[in-house]
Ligand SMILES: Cc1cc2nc3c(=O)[nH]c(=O)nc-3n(C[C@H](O)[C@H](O)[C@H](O)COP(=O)(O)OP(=O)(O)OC[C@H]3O[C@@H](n4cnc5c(N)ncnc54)[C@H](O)[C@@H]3O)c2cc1C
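This document opens with one chain alone, in structure tokens, the form predicted alone.
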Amino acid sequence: MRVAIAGAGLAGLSCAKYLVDAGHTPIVVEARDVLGGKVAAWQDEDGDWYETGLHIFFGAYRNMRQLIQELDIEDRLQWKSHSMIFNQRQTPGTYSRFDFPDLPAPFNGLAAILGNNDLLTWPEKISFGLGLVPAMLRGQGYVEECDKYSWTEWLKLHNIPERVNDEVFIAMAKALNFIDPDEISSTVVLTALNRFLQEQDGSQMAFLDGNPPQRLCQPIVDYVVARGGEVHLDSPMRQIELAPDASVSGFRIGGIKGKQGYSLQADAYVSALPVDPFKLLLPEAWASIPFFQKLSGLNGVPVINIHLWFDRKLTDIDHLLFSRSPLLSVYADMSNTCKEYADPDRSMLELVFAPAKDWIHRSDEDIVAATLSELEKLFPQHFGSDDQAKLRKFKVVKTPLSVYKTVPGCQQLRPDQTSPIANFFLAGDYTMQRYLASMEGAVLSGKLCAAAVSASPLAAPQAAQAKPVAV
């Protein structure tokens, strides 16, 4: 069965991968000239890479890890020490660590929390631990029920001191969805904490050994193409064409860079676009269907990713760092953490500027100036003197509408991968799966979408020879 897929991000590519595994022929079309969607990256005139975001792989990303294993590229994940490292605001230039010992879950997580005395007091740790008991005992069902509360509201509901938010979860919320605890749904934070506490390596982090389009996305493309699928860049979907019965008759692909436009026709169709561009392409005939109407409540969050190249080493820490800055979320010295970006003498910091809503329309120079001001607090030994570190160059990547903003109430708005249109399906981290807005969520959504296509009546004539998609 031919399946047309719009979007060559992780959702669309993973969907294509699992469709070819099931014996189908996916045809992926991507508007841009680069693979990856929200994990896209580009090279500058010096050959240095700059990325859409700072992408971290967690041990809890089981579907992502399975995909990487099936592609035989496990060695491309560079696993770091099982720790979470926070800057200390009261003592600039110093760090506070949550180190997870080699114990079964949840004891390793509890030991990490209890062993850190820099950020939380013992009464705060105890009250927070007691608050997590329902999530650990009742599981994902309880976590989903908490979508009606923001994380700040959930803390208040469990009489957990506000200082727990200030010390830990402002940084955590910005890392998870680029917004503050007052806005983020408690379901998002509880989902992450549940995985971190219930899986021994759930919170362990890895960095990819190079740029995501080549090191992660291209192997998926190679896998798909080797098995009869197709992937086409510079091929934007301009319109979802409909048959008289409102089913899809084709994807209208725009002609750019000298190419002719055409209608891509298939047996089944998948939108693996982010929710915001998909809403712009929603056919008028579908607009009144409740399944699609709910999408109006899902909206992308603005994100700014910053790359700063310096003339010297600022840190030798080979890990993700939580800045605890009012302007910055997480950052890493990519010259330490990533093999392809390694430099023994000079740092390249990659930082996430969040929340970004008040800065997304500011100039790159303003954003960099504000970031450097924050770096004076994070690295006081390298700034503020006559011999301060010098910025060699910078790149700012703005994404006005990135992953969907996970505010309370969003869970009931997220669509299934199977739509009311018989030959039309959805993939994307905004679709319903437990990992929410993340790389893992994108991969799992693609896998679930491929399973839905294979299980649909459209695939019935090929059911005898097609292999099922395991989820």
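Numbers for residues come from their place in the sequence shown, where the first is 1. Keep in mind that this is a model prediction, so the values were computed, not measured.
This next part talks about the form predicted together with the named molecule, which is not shown.
- Checking 102 to 110, 362 to 370, 72 to 80, 272 to 280 against the named molecule in the predicted complex, the stretch whose residues place heavy atoms within 4.5 Å of it is 272 to 280.
- In the predicted complex, no residue of the candidate spot (Met84, Leu190 and His319) has a heavy atom lying within 4.5 Å of the named molecule.
- In the predicted complex, none of the heavy atoms of Pro408 sits within 4.5 Å of a heavy atom of the named molecule.
- Mapping the unseen interface onto this chain, Leu10 counts among the residues with a heavy atom inside 4.5 Å of the named molecule in the predicted complex.
- Although the partner is absent from this view, Leu444 stays clear of the named molecule in the predicted complex, with no non-hydrogen atom inside 4.5 angstroms.
- In the predicted complex, Thr418 stays away from the named molecule, with no heavy atom inside 4.5 Å.
- In summary, among the residues Ala60, Val39, Ile68, Ile27, the only one with a non-hydrogen atom within 4.5 Å of the named molecule in the predicted complex is Val39.
- Annotation for 46 to 71: interface residues with the named molecule in the predicted complex are Thr52, Gly53, Leu54, His55, Ile56, Tyr61 [heavy atom within 4.5 Å].
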